[in-house]
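We begin with a single chain expressed as structure tokens, specifically the form predicted on its own.
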Amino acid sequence: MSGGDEAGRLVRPFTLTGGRTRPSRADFTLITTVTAVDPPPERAVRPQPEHTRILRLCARPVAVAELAAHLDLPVSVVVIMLCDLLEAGLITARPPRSFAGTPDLDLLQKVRDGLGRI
């Protein structure tokens, strides 16, 4: 008996979140871009191994969904861990850009016409 699940994990996701099932903030969506703060704040708490792994993956901007895929963890678990890192000042979270106004209809027409030729 190995103690792991079918994916080979030895640690259950709820242990990574300290048993928490809800994020402490609502900053994260699937396409929120996360980046590690470099250098980390001087008074930052030493992160746990799972948090350190996230920080390594966030050396360059990465979306929450992509992080979850790399970590092979549910998005909900990753979001809870990201909340910890954000509150510790170890990451920044950038929401997806919203496009104000109406879409450029001329551009959409050109794309449609281009696709019609395929």
Partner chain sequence: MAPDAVKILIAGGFGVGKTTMVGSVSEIAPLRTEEPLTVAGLDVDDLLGIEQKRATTVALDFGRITISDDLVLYLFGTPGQQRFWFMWNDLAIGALGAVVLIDVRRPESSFAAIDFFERRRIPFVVAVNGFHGRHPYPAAEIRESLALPTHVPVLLCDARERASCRDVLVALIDRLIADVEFQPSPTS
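Positions refer to the first chain, counted from 1. Remember, predicted model here, so these are calculated numbers, not experimental data.
Keep in mind that the form predicted together with the partner chain is missing from the display, and what follows is about it.
Using a 4.5 angstroms limit between non-hydrogen atoms, residue 49 is distant from the partner chain in the predicted complex. Taking the partner from elsewhere, residue 70 is found to have a heavy atom lying within 4.5 Å of the partner chain in the predicted complex.
Contact annotation: residue 27 falls outside 4.5 Å of the partner chain in the predicted complex, judged by heavy atom distances. When contacts are judged by a 4.5 Å heavy atom cut-off, residue 45 does not count as touching the partner chain in the predicted complex.
Using a 4.5 Å cut-off on any heavy atom, the residues of 59-73 that reach the partner chain in the predicted complex are, in sequence order, 61, 63, 65, 66, 68, 69, 70.
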